[in-house]
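This document opens with one chain alone, in structure tokens, the form predicted alone.
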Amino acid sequence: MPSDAFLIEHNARPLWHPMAHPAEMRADPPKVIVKGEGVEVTDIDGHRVLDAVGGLWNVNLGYSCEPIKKAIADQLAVLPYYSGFRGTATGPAIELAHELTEWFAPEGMARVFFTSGGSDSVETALRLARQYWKLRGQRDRTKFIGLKKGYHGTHFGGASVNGNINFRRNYEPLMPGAFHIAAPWTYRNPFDESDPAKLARLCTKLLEDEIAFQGPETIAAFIMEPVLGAGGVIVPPETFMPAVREILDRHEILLIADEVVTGFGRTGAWSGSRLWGVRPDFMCIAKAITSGYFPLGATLICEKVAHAFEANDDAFGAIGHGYTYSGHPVGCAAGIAALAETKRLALNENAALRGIELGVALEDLKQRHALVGDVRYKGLMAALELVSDRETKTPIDKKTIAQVFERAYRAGVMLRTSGPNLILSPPLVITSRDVERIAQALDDGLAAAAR
């Protein structure tokens, strides 16, 4: 093992970090995390903090889930890898696929295509959606519509349907045929509308207008996160996703639910689609499928779409798509164990209860700190949007939000910053006491920045 001195000397030197400016990382090297236990992580200096980021929305079971660790070790001992391409399969992949179709049966999911992570899962859904329409003889259906502020990963397809310029601008031109409508975001929207029900109607009207403008016969699918995560935890009105489903059905357009963050209980329901009572055509999952212990994802497919492929008898039904690590046996073994623990501990119920407590704490912080312009939360997905002026909603500067982060870190809680937002996505095994610790650290950070 390298020494601490080696790690400190070489931190942010040969290694570039995702979603970061290399020059900023070199000037201010990131924290080196060396240990995780329970819901806490420890840095190279021995400072231990509650991980209110949950790794990256994904460590739902915390860092001490022995059944997952054992499943990984046991699978490594008998079959560390074999391909899932045509002609071969492994036991863990078959078993996990069965478990997932059982788990997501209420959403109507019937088939599983394994990937290496969330971006892969979105890319797979986009490709299969286009292929589905070719199978149906409607080859003009190639376009996608998404939401502004939506996030769907980093591949060219996912980046193209992303609705945030920060993930698009440096890589344009992107995939043609991707269009966006305003998200139903009560704090910032083009209508200056704060009533959720009215805003939902206005945004669904935008969707209908865009479909009419593009021509429904040219649109393959609409993609959305049931709760928008990286865009700042934007919680749509409860009427929005069902209304979207009805509009899409009317025009025979597929619905892709990006559940990479919202799958497996984070919202308080087992999926975001189930939260809103919607059955999508595709679901993209990853992150908590192994609680972050192994890179794995999947695209789930409904029976209608599956039938078009399985009833086909020519080359258009062949899936010319896949990844070396699709259905990795070690990852699938980890997934089987993670699902069993997730169900045993009823993580969705704990997320709902702790989410209510967290929401109360965030509303209190908003009342007491002028820096907090808005708070948004659903289950254990939450964000505080910081502003320098509440009347104008002017976003806070980078220096100030960095001060909040650092003070909260010193107070014992790891946060995540994204633009003017402080993002919270702690493990789903947190306790009421952990919620209090998060609130106290945020209070300390906000007070320090205000001073």
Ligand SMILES: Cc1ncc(COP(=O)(O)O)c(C=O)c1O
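All residue numbers are counted from 1 along the displayed sequence. The structure displayed is predicted, hence computed values, not measured ones.
There is another form of this protein, the form predicted in complex with the ligand, and it is not shown here; the text below is about that form.
Comparing 341 to 349, 367 to 375, 69 to 77, 260 to 268 against the ligand in the predicted bound form, the single stretch with non-hydrogen atoms within 4.5 angstroms of it is 260 to 268. The ligand is not shown here, but in the predicted bound form it comes within 4.5 Å of a heavy atom of residue 225. Using a 4.5 angstroms limit between non-hydrogen atoms, residue 151 touches the ligand in the predicted bound form.
Taking non-hydrogen atoms only, residue 186 never approaches the ligand to within 4.5 angstroms in the predicted bound form. Within this chain, residue 160 is remote from the site of the ligand in the predicted bound form, having no heavy atom within 4.5 Å. The contact residue chosen from 164, 204, 119, 142 relative to the ligand in the predicted bound form is 119, the criterion being a non-hydrogen atom within 4.5 angstroms.
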